[in-house]
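Structure 1 and structure 2, given next as structure tokens, are two forms of the same protein chain, each shown alone.
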Structure 1
Amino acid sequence: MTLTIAELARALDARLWGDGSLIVTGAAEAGQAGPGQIALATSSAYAEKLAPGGMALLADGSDPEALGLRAAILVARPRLAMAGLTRAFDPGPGIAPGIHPSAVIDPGAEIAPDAAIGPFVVIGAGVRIGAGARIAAHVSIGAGTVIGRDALIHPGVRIAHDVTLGDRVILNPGVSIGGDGFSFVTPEKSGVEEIRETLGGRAEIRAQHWTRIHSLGGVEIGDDVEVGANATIDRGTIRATRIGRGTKIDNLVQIGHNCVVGEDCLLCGLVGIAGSARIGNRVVLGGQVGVSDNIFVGDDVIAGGATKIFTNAPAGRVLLGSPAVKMETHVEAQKNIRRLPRLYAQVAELRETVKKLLDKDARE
């Protein structure tokens, strides 16, 4: 895609400086930009790397003239401008318009006329696919599933039956939506149930087979949700597993059956949320965070990387550690652990001193 730098500035709702007629064909890091590329120099450290005579995206307050540029776009929040800039030049995954002749589509499915369906796609009975949706190669969609308008489903995604995806949902390659929940029961009370009641004690260990609880509920995913490559969201047992509007889910995240995740959350890579957990709105979970089953995590909770949440977390709390505690408590605990060698030495010295006092006392 090509546009003038003046058009780009307008698209970013930003201020143009210099020659607005220059053509922009792409973006590059500062110092890496070739002809036609706009260099990203959103901090002064990057600005130093700029070659004179080119184009750049700069933070407000920079001086494009002093940098010797021919044209520049000046923005108040550079990271936000990156969103618009990268959107302008993203070629996307290249799914040809129309329905590829190799696709196997149930005659009862309803495909919007302008939806694009790639090679070897399999679509089941009663599926409905919204206007502008793009379904890449090797995707399978089970019976009764609904895909919203302008959805983008990357190659090899697995969507089971009775799933609902909102508008503009993006599923990256290999995502699985609607696999069976991990839900089993033993005829007698199992060892796990016993330990949860006794906090560690066990009466007697018995043989136990696991009987499957089937997953009849589907999955409901709101508008503007994105899911990363090879992430998995299981179907609910009776009612649907639900992901709220605007929530972004990273690669290799696992969301168990019956979970309810709120709106505008960020779940980073390798997060695991066990069955029936409820996550509030605007919750941010760092990479490899774990949430136990049946736990409630309140609105606006932020958990740092590798935090393990075993108990309910109140709204707004900032969590860290395993088990998760308030961030400041975790930082304090780590400091206390680091200071232990000194404490051991002090106590040893105290014991020695007190022993001497006692000995002296005894002698007197």
Structure 2
Amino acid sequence: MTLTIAELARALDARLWGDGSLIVTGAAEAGQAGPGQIALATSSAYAEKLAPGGMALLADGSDPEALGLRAAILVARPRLAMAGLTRAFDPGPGIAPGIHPSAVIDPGAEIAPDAAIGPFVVIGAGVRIGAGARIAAHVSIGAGTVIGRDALIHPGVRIAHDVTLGDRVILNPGVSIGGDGFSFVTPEKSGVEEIRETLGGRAEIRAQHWTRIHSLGGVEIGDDVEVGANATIDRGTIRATRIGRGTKIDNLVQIGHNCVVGEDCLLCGLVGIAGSARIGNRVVLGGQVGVSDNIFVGDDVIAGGATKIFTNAPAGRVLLGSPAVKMETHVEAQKNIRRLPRLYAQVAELRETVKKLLDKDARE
């Protein structure tokens, strides 16, 4: 895509400075922009790297003239403006219109006339695909699944049977939706069940064999959800696993069977949510956060990276550590741990001083 910097400023609802006729063909980091590229200089540190004579996206309050620029777009919230700018220049996956002749589609499937279906896609019986949906190569879609309008399904995605995807859902390469939940039972009470009750004690250790509990529920994903590469969302045992509208899920996230994730959540890379956990609205879980099964994480909770949440978390709580505690509690505890060597040395010195005093008293 090519457009003038004036057109780009209007699209971003931002203020233009300088020559609005300059053609913009793409974007680059500050100091790396070539001909036709607008440099992203969203802070003073980046602005210092700008080459004179170019064009840039700047924060309000910057001085384009002092930076030697020919043109600039000034915005109140640069990172938000970057969302619009990158969207304008993203060509997308390039899925050709229509249905590729190598696709295998059950006669009972319903596909909107303007949907695009790529090579080697397999679509099962009773599948419904909405208007404007784009399905890339090597995607498989199980029977009875419904995909909403303007969905974008990248290569290699696996969608099982009886899954519902809302409008504008994006699934990145390798995503798996609707695999069986990890749910097994033993004929007698298992060691796991026993230690849940005793918190560690075991009466005896005996052989045990696992029997699968089959997953009859589906997966329901709301509008505007995005799922990162190689993430997995398991189907429910009886009721569906549910992901709320607007939630964004990063690469390699695992969401177990029966989980309910609220709206506008942010689940970062390598998050693991065990079966039947409930996550409220607007929850942010940093990378490698773990959530135990059958617990509730309240609305607006934020958990820092590698936090392990073993018990219910009240709404609005900011958590860190393993086990999860209030962030300020964890930070103070870490400070105290770092002070331990100094404290040990002080105690050893005090002990030696007391010993010398006692020895002196004994001699006298």
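We call the rigid core whatever largest set of C-alpha positions still superposes within 1.5 Å between the two forms. Computed from a predicted model, the values in this text were never measured in an experiment. All residue numbers here refer to structure 1's sequence, counted from 1.
Between the two displayed forms of this chain, it is structure 2 that matches the form predicted on its own.
If you fit the rigid core between the two structures, you'll see the Cα of E349 move by 2 angstroms or more. Structural comparison between the two structures after rigid-core fitting shows the C-alpha of L358 displaced 7.9 Å.
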